[in-house]
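Here's a solo chain for you in structure tokens, the form predicted on its own.
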């Protein structure tokens, strides 16, 4: 079985408060994009999980969310057979694009089909939150409002047609570092999430891009100024707006014109500001993240 695990960006990301349990309450607008890792899964007669990847520095044990997801279902449903999983990574690692969460989501979907567990999408999403806050969204996909710690999801009108330029600098950012250093007070500028919801409903691309904000930039940008440089570079080359995704450091720019987007993509590659540069579009299909 082959499965695709799609990346996400945050069109808007607000942190409401830090909860007593240490988690942060968020309000985010999530969007799946046409950029994915690929997983190949196969049953094996001997028990256990064999995980291989195309990147030598990625763990292939309990420290990998794919392994964790497979083991969770094996333990919960007493699966005696084993599974071989080959993970081919393309989504940048530690980049604010939910690559690991999406891989875990695809693994849950694959295990469900491979071992005929008969779980609904909703049941898989409930299991997914045990692995990570973004996993339920990565099972659901599309355009969604994410609340709570990220597990309360509301499907939204799809993103209007546009081009999305992705630029990841040659750094990795720890999500823990960002949230630990986030200071929320009366001076915090919060994104207009409600206005963006309205703009999505009206399919108003400029209404969406004008409201693109990420409260986590207040921590990540001062620590890594290259993020602001990439944002400005994209805007100077025709992006309606540009924003850091998640806790960073990946930046995305939204374009309403394909030629402008292609030109900006080439220029960004030449600039030396990014290590990975990719031009793509939004992915708005529902369903589960698999293609076979």
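Note that the structure is a prediction, hence the values are computed from the model and not measured. Residue numbers count along the first chain shown, from 1.
Just so you know, the form predicted together with ligand ATP exists too; it's not on screen, but the next bit is about it.
- Put simply, residue 31 is far from ligand ATP in the predicted bound form: not one heavy atom of it is within 4.5 Å.
- Using a 4.5 angstroms limit between non-hydrogen atoms, residue 149 is distant from ligand ATP in the predicted bound form.
- Shown alone here, residue 241 lies farther than 4.5 Å from ligand ATP in the predicted bound form, counting heavy atoms only.
- Contact between residue 89 and ligand ATP in the predicted bound form is found at the 4.5 Å heavy atom cutoff.
- Partner contact region in the predicted bound form: 81 to 89, out of 218 to 226, 184 to 192, 81 to 89, 122 to 130, criterion any non-hydrogen atom within 4.5 Å of ligand ATP.
- Checked against ligand ATP in the predicted bound form, the residues 139, 196, 98, 111 give one hit for a heavy atom within 4.5 Å, which is 98.
- Note on the partner interface in the predicted bound form: the residue among 65, 41, 49, 26 having a heavy atom within 4.5 angstroms of ligand ATP is 65.
- The partner is not shown here, but in the predicted bound form the stretch 245 to 272 reaches within 4.5 angstroms of ligand ATP through a heavy atom at 247 alone.
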